[in-house]
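Here we start with a single chain on its own, the form predicted on its own, put down as structure tokens.
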Amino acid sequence: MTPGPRVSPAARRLLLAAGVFGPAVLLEVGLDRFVADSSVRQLVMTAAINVMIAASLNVINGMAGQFSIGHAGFVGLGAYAAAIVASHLHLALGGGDPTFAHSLVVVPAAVAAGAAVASLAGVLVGLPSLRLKGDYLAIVTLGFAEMFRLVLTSVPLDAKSGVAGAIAKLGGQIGYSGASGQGVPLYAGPLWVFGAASLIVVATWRIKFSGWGRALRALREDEIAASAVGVDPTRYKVTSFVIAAFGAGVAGALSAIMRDGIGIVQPDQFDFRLSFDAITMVILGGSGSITGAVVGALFVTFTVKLIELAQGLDAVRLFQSEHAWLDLNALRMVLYASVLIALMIRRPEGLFGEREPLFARKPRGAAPAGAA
């Protein structure tokens, strides 16, 4: 059979870029027209942000095998940094309603700031991973996330000078509502949110099937053996934390300035529940599977929304009035726990394991099926 014409690398990159940004451009133009309900638009973009969170966490927990439960801290740092930069740039550009033209300046600067701050934190958190594993590393990452949140909420709002005064300007428990106090400007529309989500998914996909990804998996399986064949644990572990923190910072930045958002960044948005949800997304789909991270993120996002909608039903309200003990928010956690327990019993590797069922490609170097 005669093979078809080969596609040049440049053409392949152009096709990839069109596949990534084409749908995002169409959504930027048409989402507001076809989806009149702002809460639905917010839900769809929140799902894309959760995909970024899950895909970035998958680099640490799935590929590198480092158990991090403080991912919310990186998301929060990115959100606050982006909100500050976007607010000041918005005022410098004259204020008013956010426009698409100004978003070409504001969004890249805000996202870059959020990603940079989160990446720096990733270095600081990644260094202890050189000596810690498992439960001990989990405690360190959880401590980092909680420390970030508690510092914001514990500083008195009447502090005027020094570090305490700078932190107090972030609004404490009330939250940061922009440099002018009128709300964080919401510049990030579907183009930015879905474009960034697509880029992060593609980037993590490329990492997984690269030599870097194989080295991470080798460290995860046997660090001593991987070191013996030239894999530097220091370099790979710290860099994996930086990559994951970068992705989380981008997600946090876009969530802070997302169109149809609330215009305020609060510490409680980045508590342990967000970290738990992120871990759930990764474990449900399968640690190490990019497809699994996407599916897990969509499942968690829409499950939360379904529970919120169920709480508003007249029948549910009547049932709750007769049964005061019923808490549907707590029921969500019970649902997650039940799903995780069932998965651990039936499929300990998660829904997909490390497989990518939406794609035929397999990791290079993987043993063929049926090999001894």
Partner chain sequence: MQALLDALVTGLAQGAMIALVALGYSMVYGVLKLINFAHSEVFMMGAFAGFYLLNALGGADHPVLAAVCGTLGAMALAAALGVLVERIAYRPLRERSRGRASGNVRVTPLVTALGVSVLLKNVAQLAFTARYKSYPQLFGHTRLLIFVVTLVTMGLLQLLVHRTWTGKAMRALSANVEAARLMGVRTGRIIAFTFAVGSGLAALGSVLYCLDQSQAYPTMGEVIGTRAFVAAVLGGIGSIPGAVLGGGLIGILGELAKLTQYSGGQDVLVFFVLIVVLLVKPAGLLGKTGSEKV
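Numbering follows the first chain given and starts at 1. C-alpha atoms forming the largest set that superposes within 1.5 Å between two forms make up the rigid core. Remember, it's a predicted structure, so these values are computed and weren't measured experimentally.
Below, we turn to the form predicted in complex with the partner chain, even though it does not appear here.
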- For the partner chain in the predicted complex, the stretch among 71-79, 100-108, 87-95, 153-161 with residues bearing a heavy atom within 4.5 Å is 153-161
- Message: Just to confirm, with a 4.5 Å cut-off on non-hydrogen atoms, which of 334, 40, 310, 318 contacts the partner chain in the predicted complex?
- Response: 334
- Checked 191, 140, 113, 238 for heavy atoms within 4.5 Å of the partner chain in the predicted complex; positive is 140
- Message: Under a 4.5 Å heavy atom criterion, is residue 119 part of the interface with the partner chain in the predicted complex?
- Response: no
- Message: Whether residue 302 contacts the partner chain in the predicted complex should be assessed with a 4.5 Å heavy atom distance threshold; does it?
- Response: no
- Message: Is it the case that residue 344, even though its partner is missing from this view, gets within 4.5 Å of the partner chain in the predicted complex, heavy atoms only?
- Response: yes
- Query: Does residue 221 make contact with the partner chain in the predicted complex, using a 4.5 Å heavy atom cut-off?
  - Reply: yes
- Item | Residues of 58-92 having any heavy atom within 4.5 Å of the partner chain in the predicted complex, listed in sequence order | 65, 66, 67, 69
- Message: When the rigid core is used for the superposition, does residue 47 move between this form and the one not shown (threshold: C-alpha shift of 2 Å or more)?
- Response: no
- Query: After fitting the rigid core, is the C-alpha of residue 345 off by 2 Å or more between this form and the one not shown?
  - Reply: yes
